[in-house]
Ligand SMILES: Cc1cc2nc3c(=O)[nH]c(=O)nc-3n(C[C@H](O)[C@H](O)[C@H](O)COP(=O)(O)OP(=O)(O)OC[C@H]3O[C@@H](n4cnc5c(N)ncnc54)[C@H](O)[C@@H]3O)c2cc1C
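What follows is one chain in structure tokens, specifically the form predicted on its own.
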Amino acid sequence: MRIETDFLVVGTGVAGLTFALKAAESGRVLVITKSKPEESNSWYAQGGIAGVFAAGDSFEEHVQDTLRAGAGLCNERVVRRVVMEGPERIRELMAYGVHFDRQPNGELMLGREGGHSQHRILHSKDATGRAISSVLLEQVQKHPNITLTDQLFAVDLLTQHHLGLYVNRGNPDITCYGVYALNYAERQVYTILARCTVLASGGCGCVYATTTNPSVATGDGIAMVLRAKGRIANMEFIQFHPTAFYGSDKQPAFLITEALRGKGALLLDPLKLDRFMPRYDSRAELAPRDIVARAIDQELKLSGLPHVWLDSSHLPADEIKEEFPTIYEYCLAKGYDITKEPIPVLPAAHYLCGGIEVDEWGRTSINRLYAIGECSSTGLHGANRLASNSLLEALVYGHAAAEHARKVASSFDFEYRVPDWNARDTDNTDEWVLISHNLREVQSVMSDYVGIVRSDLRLDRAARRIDLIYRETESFYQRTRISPSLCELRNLIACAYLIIKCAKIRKESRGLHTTLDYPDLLPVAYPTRV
């Protein structure tokens, strides 16, 4: 089956939905997602969205907080643009119908999170991502120029390679014509042709055994760009959220939002139940996430125990129940009353700060292809994302990419010479255990050797194991009819390769990348590119 559209969007997070609504003013938009529309990292975001709204706050303070958190690797021009444009984009959300928490006098209730010098985090209880995503989805689903199709898995980008031409990373004219996409129900691969293609496909948290990300976070867009010979940067910077609930019986691990620490919750060591963060940073529990995660990792190594404690029992119980109802109910179901006792927490893979390299409009190194949201590397986050800047980035770059794509889309023609998917010489197989086994092994290797603290020895060991898994999986892929689980495994292997490769290039400890062999920070920051 062949489909044509002016704008193709892969993903239904905040970035992709924002782009779709803006681009629909100038043409037909097709939004595809491999799962339910609600399944995205955006939907699961508890904390909030950062913006300068308080009278005592300023753009400059938000800029400087972002730069400090990014450990010298942020693009300051990008930071200033996102911070200064952010409030306008947030007001657009309010116009769509998103409701943020307000004080009794009607003013916005602004929280504070790690790395922020001011109260500037807008929340909708402790389910801000869901509040924003649900409103954007409602707007998308009723727009006459937008078609949203779920259970449609983007498999590969269409480029000159599919016309029989040789393509490599030195080619400046690689062009994207759309994607091949697998329809689950029909077990058929569609050829989707687009004037402009937008990857809003999210991160790759599922490359680790413990992650706050939903199961769809398998790095699909990043892996497709790697195979299409596009540029990817800074993949070593994986942010581990310091406080996921310990003892979750399924993935994703349940996130305990940083806003709870912003409210005054304290981290306690697992043995003496004493505070430990003041020993690591003067900002204590409100230090940036990389510092807090490393501190917890160190405390776990010292104690030999699997978790530390997060204590909010000293805070007003009625306010905790009112502001954090999701966390309160979840922990209560697990046997912990957070208004009376501490809860067990540990770090979990949470956010990718690198990704597909893009410019100020979200354009990738591949013509007619944009990347926005967590799958992209814009320069905003540098070596470590400041809390609640991710939804802000998604809004700003969703808007920017749509502004650019609307201006140029009509000048592009569909590339009808692209052939349909060729499934000849492939068979169904009973050997699907290889997929589940290799997935578990990838996650184990990455968690054991490429986690919060790394070393050359660990990275070399991980690289050898991932290479073997890659070769086994590619051999299986070449002779087997594709399935979503097989495609996701291939994509996670590609992301594991990229994370390890970038980590081996970086001969220093910076932000989220800490290595025992190079503990010092180099005087000049440099990006890692693949």
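What you see is a predicted model; the values in this text were computed from it and never measured. Note that residue numbering follows the sequence shown and begins at 1.
The form predicted together with this ligand is left out here; the points below concern that form.
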Note which of L498, I466, L492, I32 lies within 4.5 Å of this ligand in the model of the complex, where distance is taken over heavy atoms; exactly one does.
-> I32
Residue within 4.5 Å of this ligand in the model of the complex by heavy atom, from V78, A244, L152, C331, is L152
Check, residue by residue, if T12, V216 and I372 all come within 4.5 Å of this ligand in the model of the complex, counting heavy atoms only.
-> yes
Using a 4.5 Å heavy atom cut-off, which stretch among 349 to 357, 296 to 304, 187 to 195, 90 to 98 contacts this ligand in the model of the complex?
-> 349 to 357
L255, heavy atom within 4.5 angstroms of this ligand in the model of the complex = yes
Is L391 close enough to touch this ligand in the model of the complex, meaning at least one heavy atom pair within 4.5 Å?
-> yes
Verify the contact flag for D220: yes if a non-hydrogen atom of it lies within 4.5 Å of a non-hydrogen atom of this ligand in the model of the complex, no if not.
-> yes
Classify G16 as contacting or not contacting this ligand in the model of the complex by the rule of any non-hydrogen atom within 4.5 angstroms, answering yes or no.
-> yes
Within 4.5 Å of this ligand in the model of the complex: residues from 37 to 55 (heavy atom criterion) = E39, S40, N41, S42, Y44, A45, Q46, G47, G48
